[in-house]
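In structure tokens, the next block holds one chain alone, the form predicted on its own.
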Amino acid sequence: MTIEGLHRIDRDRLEVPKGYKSGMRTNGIIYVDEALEKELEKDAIDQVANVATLPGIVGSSLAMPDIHTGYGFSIGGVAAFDLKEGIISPGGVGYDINCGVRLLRTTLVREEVLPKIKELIEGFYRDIPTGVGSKGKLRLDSAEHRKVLLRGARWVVEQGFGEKEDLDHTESHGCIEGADPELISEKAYERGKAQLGTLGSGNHFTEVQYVDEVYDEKIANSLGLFRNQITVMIHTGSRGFGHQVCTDFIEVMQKAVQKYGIELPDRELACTPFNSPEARDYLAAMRAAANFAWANRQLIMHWVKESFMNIFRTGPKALGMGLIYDVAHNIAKIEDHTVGGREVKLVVHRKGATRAFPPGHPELPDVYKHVGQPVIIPGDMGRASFVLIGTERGMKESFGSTCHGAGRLMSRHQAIKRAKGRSIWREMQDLGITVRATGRGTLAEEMPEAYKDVANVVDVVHSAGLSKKVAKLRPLGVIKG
């Protein structure tokens, strides 16, 4: 039964009509089937409608099937804005700027790793600084820190922590041009100076997985994936640095709303016209935080390789270790899209949503140009994750965007309350999954039932044609902050 005020377009899409809320300039579309519709939060629906009121919005205000309530925009929200009449909003990016996912492949198979999984996870936990307040192994002076913000993963590779090919397998080659370190506050520098190469807390993780199912053999082969293969997934972002950048610019945007006379249904949507000085500064600072995040994941990948080398007593090349792809899911980017039969430049906000460009797109590396962009969708620590590929239909319907994960069902407080009296660590062990975390609270917050079933989420974007399923990955062991 459809929620009051909404209209079901088809099996995979709900429409939030233009009249759902006063001031909407366009409609909203939420990609959910009837099963996931039952889990929709009223506040998240309202946020989709609120985004539809923003100046210069192009097309619909969109939300992916992992939608849940966020700050300003829903998590899972996608919205594109015209560069002349439109705006940019930190709430459409989020606090963890360029939170994203990186997937490594190996030539190892499940049977080779199972006897060593506990040792390997302990190695991860030892080699990768993890949790709230964790400090990285690198100590950078101010000048080097600024180079990281300008060059992102490129700087890390130049220091010997990776290969040049890693950059070709990273969205935007691991660096967005136009970052300006001079716009970063001292507080942001202070929060980020010791956090490069750290995993952080919450839903961030490093996980050893195996390929459980392959849905498209040809594309899987192109990505270097095969059944029973061991992969490693890294999920983290810009840590306290990006959080502070967002905090700083939300204050700037709240003043800009008054300065430019922008009417908002929710103050959390604080924004500024795209052509304003405030927008220029936010974009330059956001790009610096995005570059920090790509550098962060590049370093963690290096620590992962070191752990494998120590446990298996051989080099990463002998283990067939290489990067499949790295994707962002909290970012705003200027992109070319076809609207009304003509190509236009738009600023696309993806908050808890992943870029999913189709075969042939000029931004894709040559190695994937014939198949499309790899899309990496992490699940919870007890179920599964997925690899998908971008599609032409997704490019037309969702500005080349798809889901980013399972999506929370419970707040962290609700999850801790539900987990009282239980041993989540023991429950994971009973499922055959080795878990190492900095505290019981993290495991309670991140228990599988706190999330939607990622398989349901992925089925919707696959059925809707926004992206195409390639493989399912099952967890064997995970570290969490």
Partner chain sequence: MEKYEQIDISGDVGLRVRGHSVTELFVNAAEGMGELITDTSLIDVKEEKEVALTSDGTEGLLIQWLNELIFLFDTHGFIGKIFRVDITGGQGSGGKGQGDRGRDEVKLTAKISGGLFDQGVNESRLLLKAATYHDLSIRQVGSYWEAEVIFDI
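Numbering follows the first chain given and starts at 1. Every value quoted in this text rests on a predicted model; they were computed, and no experiment measured them.
Omitted here: the form predicted together with its partner chain. The next part is about that form.
Quiz item: Of the options 110, 361, 187, 146, which one has a non-hydrogen atom that comes within 4.5 Å of its partner chain in the predicted bound form?
Solution: The option sitting close enough to the partner is 187.
Practice problem: Could you tell me which one of 177, 85, 336, 251 places a heavy atom within 4.5 Å of its partner chain in the predicted bound form? | Solution: Looking at 177, 85, 336, 251 one by one, just 251 meets the 4.5 Å heavy-atom criterion.
Quiz item: Is every one of 215, 354 and 394 within 4.5 Å of its partner chain in the predicted bound form, counting heavy atoms?
Solution: Looking in the predicted bound form, the three residues 215, 354 and 394 all stay beyond 4.5 Å of its partner chain (heavy atoms).
Exercise. Sort through 309 to 317, 253 to 261, 216 to 224, 296 to 304 and report the only stretch with a non-hydrogen atom within 4.5 Å of its partner chain in the predicted bound form.
Key: Of the options given, it is 253 to 261.
Self-check item: Contact label in the predicted bound form: residue 267 to its partner chain, heavy atom within 4.5 Å
Solution: So residue 267 counts as contacting its partner chain.
Quiz item: Does at least one non-hydrogen atom of residue 96 fall within 4.5 angstroms of its partner chain in the predicted bound form?
Solution: Output for residue 96 is yes: heavy atoms within 4.5 Å of its partner chain.
Quiz item: Heavy atom to heavy atom, is residue 134 within 4.5 Å of its partner chain in the predicted bound form?
Solution: The answer is yes: residue 134 has a heavy atom within 4.5 Å of its partner chain.
Quiz item: Closest heavy atom of residue 414 to its partner chain in the predicted bound form, within 4.5 Å or not?
Solution: Yes, contact at 4.5 Å.
Quiz prompt | in the predicted bound form: members of 54 to 80 within 4.5 Å of its partner chain, any heavy atom | solution = The stretch touches the partner through 68, 69, 70, 71, 72.
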